[in-house]
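The chain below stands alone, shown as structure tokens; this is the form predicted on its own.
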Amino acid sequence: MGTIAKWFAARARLGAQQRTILGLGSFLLPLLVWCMVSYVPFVWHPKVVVESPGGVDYFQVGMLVDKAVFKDEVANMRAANLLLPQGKPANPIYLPAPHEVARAFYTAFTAKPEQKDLPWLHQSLWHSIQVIFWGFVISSVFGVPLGILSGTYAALGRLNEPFVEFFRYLPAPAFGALAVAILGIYDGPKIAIIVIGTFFQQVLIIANTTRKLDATILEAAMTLGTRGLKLLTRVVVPAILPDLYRDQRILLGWAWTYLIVAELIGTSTGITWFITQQARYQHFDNVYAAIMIIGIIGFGSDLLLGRLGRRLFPWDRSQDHG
């Protein structure tokens, strides 16, 4: 117990083994809860799956009914001296068990779509990744320089940040109809929503990161005659680069959160279209699998970027926790 207590001490530095164990635990604990809800009948099983209809004419094998309804029908059949229905506790159709979702990870890539004109899952995923990529690239091309300028020069920051601060509170999906009217019904408005959702946050976060740069570094550089573009490219940017890189990793995650809303604008496409179609056919195992695939791609890319950051900025100790 003493060793475990040390792990959870305030600001305790964790070794590689401890971080691995706790990282695995962060996934295993929710999985354990999901397994308990799915496989242990007395935890939470509000439905009954009919195994034998007995004398109930509208019961069918595999049908899900409420426990109260099943109990009433058992009582009715007993009173009428008819064959009693048989069933076992079950969860609603919208809560598939872990093994069903695991199977869907495979079948979603191998099973043909319900309709011939619908894209496969891998095609939908690739389309969504392209929307994320272009939306975030466009946002960064404008947001990163503006954030650095605003954080370096107080006058520029005061000139644009009040409006940026105001605009960031406007919900990006609210511009969906306008984006469709201007950019059409295909990928243009979807990319625009991701740009709107990340650009203004990007400017403010990067400006704040730039302001954290030690003022003595700037003063020393200006004393030596460094001005203008050289001050930015040779002093400011190199000094904040590790923090800027980490900010971009966080902002990329925000871009993924706008994906589902963005893909509902105009023509439904990408992973959102796949999820919508699977929900329509009540294939909730495929729905869960698709949602988890989004998480896996996002989390996996963040891990790769974290490893890349440790190689690019070995002097930055904060990357150890990225």
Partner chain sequence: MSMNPDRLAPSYLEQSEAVRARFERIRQREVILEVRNLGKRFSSAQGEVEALRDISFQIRRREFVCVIGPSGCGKSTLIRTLAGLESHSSGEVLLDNRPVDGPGSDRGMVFQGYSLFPWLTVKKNVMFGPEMNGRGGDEAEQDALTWLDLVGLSKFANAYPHQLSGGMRQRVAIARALVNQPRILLMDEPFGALDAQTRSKMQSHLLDIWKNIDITVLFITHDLDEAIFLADRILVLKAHPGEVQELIEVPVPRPRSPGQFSSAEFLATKARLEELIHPPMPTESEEDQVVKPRMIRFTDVDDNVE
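Positions refer to the first chain, counted from 1. Note that the coordinates shown come from a computational prediction; the quantities given were computed from them, not determined experimentally.
The following text describes the form predicted together with its partner chain, which does not appear among the structures shown.
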item: Listed range touching its partner chain, judged in the predicted bound form by heavy atoms within 4.5 Å, from 201-209, 222-230, 154-162, 98-106; value: 222-230
item: Its partner chain contact at Phe8 in the predicted bound form, heavy atom, 4.5 Å; value: no
item: Distance check, Thr110 to its partner chain in the predicted bound form, heavy atom within 4.5 Å; value: no
item: 4.5 angstroms heavy atom contact with its partner chain in the predicted bound form for Leu251; value: no
item: Contact test in the predicted bound form: Ala172 vs its partner chain, heavy atoms, 4.5 Å; value: no
item: Listed residue (Met77, Ala239, Ala90, Ala192) with a non-hydrogen atom within 4.5 angstroms of its partner chain in the predicted bound form; value: Ala239
item: Residue among Val144, Val235, Leu125, Val180 with a heavy atom within 4.5 Å of its partner chain in the predicted bound form; value: Val235
item: Within 267-281, the residues that have a heavy atom no more than 4.5 Å from its partner chain in the predicted bound form; value: none
